[in-house]
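One chain is shown next in structure tokens, namely the form predicted alone.
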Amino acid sequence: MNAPWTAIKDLPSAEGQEVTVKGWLYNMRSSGKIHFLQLRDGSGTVQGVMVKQDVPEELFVVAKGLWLEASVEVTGMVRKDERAPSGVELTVTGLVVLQNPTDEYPIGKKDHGIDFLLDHRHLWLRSSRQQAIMRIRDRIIWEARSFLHDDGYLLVDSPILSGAVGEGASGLFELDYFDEKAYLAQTGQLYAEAAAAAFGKVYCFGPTFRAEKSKTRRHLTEFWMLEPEVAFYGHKENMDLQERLVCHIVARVLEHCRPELRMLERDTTPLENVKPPFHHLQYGEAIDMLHRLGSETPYGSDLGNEDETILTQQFDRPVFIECYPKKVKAFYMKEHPENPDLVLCDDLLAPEGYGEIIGGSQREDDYDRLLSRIREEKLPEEAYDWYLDLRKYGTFVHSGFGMGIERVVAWVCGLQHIREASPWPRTIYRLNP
């Protein structure tokens, strides 16, 4: 009987059995009469030990001629080895080479520049560091969606193509849509608001696009955003939801992704501090603090990356910056009831200098005020007819936010640049691979 095909992650439960592993050779070393084959299959890694005297001579020679990233089927006995990361090793008895590269793998052990690595992103993803990041990204997305699902939220997908502007015309990717103009979605929020009027608690999750020519370590032109929208939630309830969601995500990453965090050499002490309550600063308080710390950002301006970095370095956990000036925020935000120059909004800043990971607000639910804001921003009214209808037929207090997945991944993983947080990063200079 042929040895059963077994995933590397399942090998500990197959101790003492002969199995077949299908995967790739990511490293190999030899000591004359023994080959040590480092194998990976996507589920994990394991060392296969091939002893010359225990296999046919031609098989030993074939193994010696393997290049890195050769695709192989390796058969062997699963043996317990407490020194191994997986707790087991494979005593190799058989080898089938599916494909052996004809030359050296482009990404070697030497240092490569970031442009080279991004040009070879399709291969760079195979590295242990990138795999750790992608596994943490997967866990963050899974936990965010599970949290919302368990709390009664319905996933309602929003369109990628839209005729309406969500976050300001300056950041739009415009394209021809038959006989009219269309835009790549900057946000799914406007559609989530419509869905919230039907289902109460909803969220959308998908790619969003911003055409700002930003070169900072926090910006991509294409990124993924999780956007809950909740009927009858005000500004305070909205921040409470954000706090609970972020605490849940970080706790579950710490629970399930310790090996990946160790691979990244991530100091988890700051993540252990991510527990309620988060800190809160009103916008004016934030400006005063920045001035005391040497910033010259004037009151009335939006906070830049350096400002956010300075602020987050003052706190041991995330901090909410609340109620920005209306003139620097989007048209749909609810006017502050005590100060018409402000809006009921928040930016949630991650500690350690990582800055904004969430932007949220209570939405303007008054028809006349919303129409006035659309006109002030010189947006095409006809594109928002359907959005204004939400205020004509059963208007309601509602709030929501957008959480940038790549920014959360960068913070949790301790990455220096957000481009590593995306499997296929898109920047103003990069469209391939």
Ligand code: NSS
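All of these numbers come straight from a predicted model, not from anything done at the bench. Counting begins at 1, following the sequence as shown.
The discussion below concerns the form predicted together with the ligand, not included here.
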Quiz item: Would residue 227 count as a contact of the ligand in the predicted bound form, using a 4.5 angstroms cut-off between non-hydrogen atoms?
Solution: yes
Quiz item: Closest heavy atom of residue 278 to the ligand in the predicted bound form, within 4.5 Å or not?
Solution: no
Practice problem: May I ask you to state whether residue 332 is within 4.5 Å of the ligand in the predicted bound form, using heavy atom distances? | Solution: yes
Exercise. State yes or no: in the predicted bound form, is some non-hydrogen atom of residue 404 no more than 4.5 angstroms from a non-hydrogen atom of the ligand?
Key: yes
Quiz prompt | Region of this chain that lies against the ligand in the predicted bound form, out of 93-101, 283-291, 152-160, 211-219 [heavy atom, 4.5 Å] | solution = 211-219
Quiz item: Here the chain is shown alone; which of 11, 418, 25, 413 has a heavy atom within 4.5 Å of the ligand in the predicted bound form?
Solution: 418
Exercise. Would you kindly say which of 124, 320, 147, 223 lies with a heavy atom within 4.5 Å of the ligand in the predicted bound form?
Key: 223
Quiz item: If you look in the predicted bound form, which residues in 120-141 sit within 4.5 Å of the ligand (heavy atoms)?
Solution: none
